[in-house]
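Only one chain comes next, encoded as structure tokens, the form predicted alone.
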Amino acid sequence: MTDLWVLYEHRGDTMEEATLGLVNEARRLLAQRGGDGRVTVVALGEDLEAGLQDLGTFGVDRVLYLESPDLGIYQGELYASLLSGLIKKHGPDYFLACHGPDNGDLCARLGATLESAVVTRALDLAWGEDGSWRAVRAVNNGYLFERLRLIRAQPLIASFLPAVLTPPQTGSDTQAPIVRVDYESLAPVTACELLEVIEADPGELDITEADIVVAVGRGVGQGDTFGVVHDLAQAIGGSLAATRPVVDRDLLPYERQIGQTGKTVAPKLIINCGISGANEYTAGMEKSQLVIALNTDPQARIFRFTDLGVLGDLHQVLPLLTQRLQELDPERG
């Protein structure tokens, strides 16, 4: 029986929507094989029960749950040791994860440990008629796409770009059994010890982890004019992000890019500065809780996605906003 594993994505004890997108992808792959198989979600962490209870309604057949205080924060060596032990024991056909900094590290470790193929930044997977696996992945910063044919790769380890994942609709009231895996029985082998967790400055946070994001488009300009956005991000405690044209001009690094060829974010607040709202960009931020946009064009597409739209020159508006924020919280000034 085909067994497809999906890594449970979560922030703290809250499930990330990407988990359901991966489940949907796994069910699609099973359908290609006639539906004979199961989807297994693998969860590592602490106090995750609440998010695991309803996975069956989305097409999950079972859940493997490793719980330990040691798993509250990602540790590459530890996670890879535990998961490689589980994979060797159960022999799944696929191991699917959501592409990101932690999982990029994890998938590389698993591929080396298991001597299996790894597809990063995956856009599509399919079974080949000859028994091989076919994959499409983004390369060259998303400017090109690469088609791959993989043979004798079990499990095939793939990390999907979040922007291509679509959550399934709820189906039945089926409840997937939660199988608790004894942490000690896997005898994790590590040479590293976690000594301390140092919280990053909000402005330095990875944009996928930030609660507040200030996003920049080509309308902001560059040089000294770019500074008004930096000032706002500092005053509001936000992490700076950008559209692809800004990254292409080397004004911000690729790690700060939002969109289909960048990262998908879902902060509590995102402020879009000088962004027109092309589909390539909005696909990466449309799940944000509160969306604010500043633009001089009343027809800008970004306004379709906003809770609050400000029509005006951001170089006039942002300094006033920043000044007011600094008055409210002088320590951020």
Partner chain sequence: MLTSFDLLLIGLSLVIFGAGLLKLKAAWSQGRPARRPGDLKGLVLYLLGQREILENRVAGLAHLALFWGVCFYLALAILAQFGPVIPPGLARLVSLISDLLGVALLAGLIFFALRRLGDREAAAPRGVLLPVAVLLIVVLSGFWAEGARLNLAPEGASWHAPAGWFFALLSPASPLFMQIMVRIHFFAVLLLLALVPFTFLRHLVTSSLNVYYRRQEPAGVIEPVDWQQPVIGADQRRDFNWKQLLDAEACVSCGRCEQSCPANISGKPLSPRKVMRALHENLRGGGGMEQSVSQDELWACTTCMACLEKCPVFVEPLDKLVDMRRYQVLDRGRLPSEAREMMRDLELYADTYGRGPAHREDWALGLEVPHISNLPGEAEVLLWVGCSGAFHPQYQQVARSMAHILNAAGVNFGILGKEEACCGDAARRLGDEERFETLAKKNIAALDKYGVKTLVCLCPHCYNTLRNEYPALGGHYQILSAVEFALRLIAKKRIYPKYPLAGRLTIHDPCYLGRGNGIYQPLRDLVGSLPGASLVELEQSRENGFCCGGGGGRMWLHEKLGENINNLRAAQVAHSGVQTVATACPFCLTMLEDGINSLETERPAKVRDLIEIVAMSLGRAH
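Rigid core: the largest C-alpha set superposing within 1.5 Å between the two forms. Numbering follows the first chain given and starts at 1. Quick caveat: nothing in here was measured; it's all calculated off a predicted structure.
Another form, the form predicted together with the partner chain, is not on view; read the next lines as being about it.
J.: Which is the contacting stretch out of 130 to 138, 181 to 189, 245 to 253, 83 to 91, given heavy atoms within 4.5 Å of the partner chain in the model of the complex?
T.: Selected stretch: 245 to 253.
J.: Just one of Glu280, Asp61, Asp54, Asp70 has a heavy atom within 4.5 Å of the partner chain in the model of the complex. Which one?
T.: Spelling it out, the residue with a heavy atom inside the cut-off is Glu280.
J.: With the partner chain left out of view, which of Ser288, Thr264, Asn295, Thr40 would have a heavy atom within 4.5 Å of it in the model of the complex?
T.: For this set of options, the contacting one is Thr264.
J.: Give a yes or no for Arg218: in the model of the complex, does one of its heavy atoms lie within 4.5 Å of a heavy atom belonging to the partner chain?
T.: It does: once the partner chain is placed as it appears in the model of the complex, Arg218 has a heavy atom within 4.5 Å of it.
J.: So in the model of the complex, does Ser239 come within 4.5 Å of the partner chain, heavy atom to heavy atom?
T.: Flag for Ser239 set to no.
J.: Taking the partner chain as it sits in the model of the complex, is Arg301 near enough to touch it, meaning that at least one heavy atom pair lies within 4.5 angstroms?
T.: Arg301 belongs to the contact set for the partner chain.
J.: Does the partner chain get within 4.5 angstroms of any non-hydrogen atom of Gln257 in the model of the complex?
T.: The answer is yes: Gln257 has a heavy atom within 4.5 Å of the partner chain.
J.: With a threshold of 2 Å on the C-alpha, tell me if Gly85 counts as moved between this form and the one not shown once the core is superposed.
T.: False for Gly85: its C-alpha shift is below 2 Å.
J.: Could you tell me whether the Cα atom of Asn279 shifts by at least 2 Å between this form and the one not shown after core superposition?
T.: Where the cores coincide, Asn279 still shows a C-alpha shift between this form and the one not shown that is 2 Å or more.
J.: Would Arg301 count as moving between this form and the one not shown, using a Cα shift of 2 angstroms or more after superposing the core as the test?
T.: Passes the 2 Å threshold, so yes.
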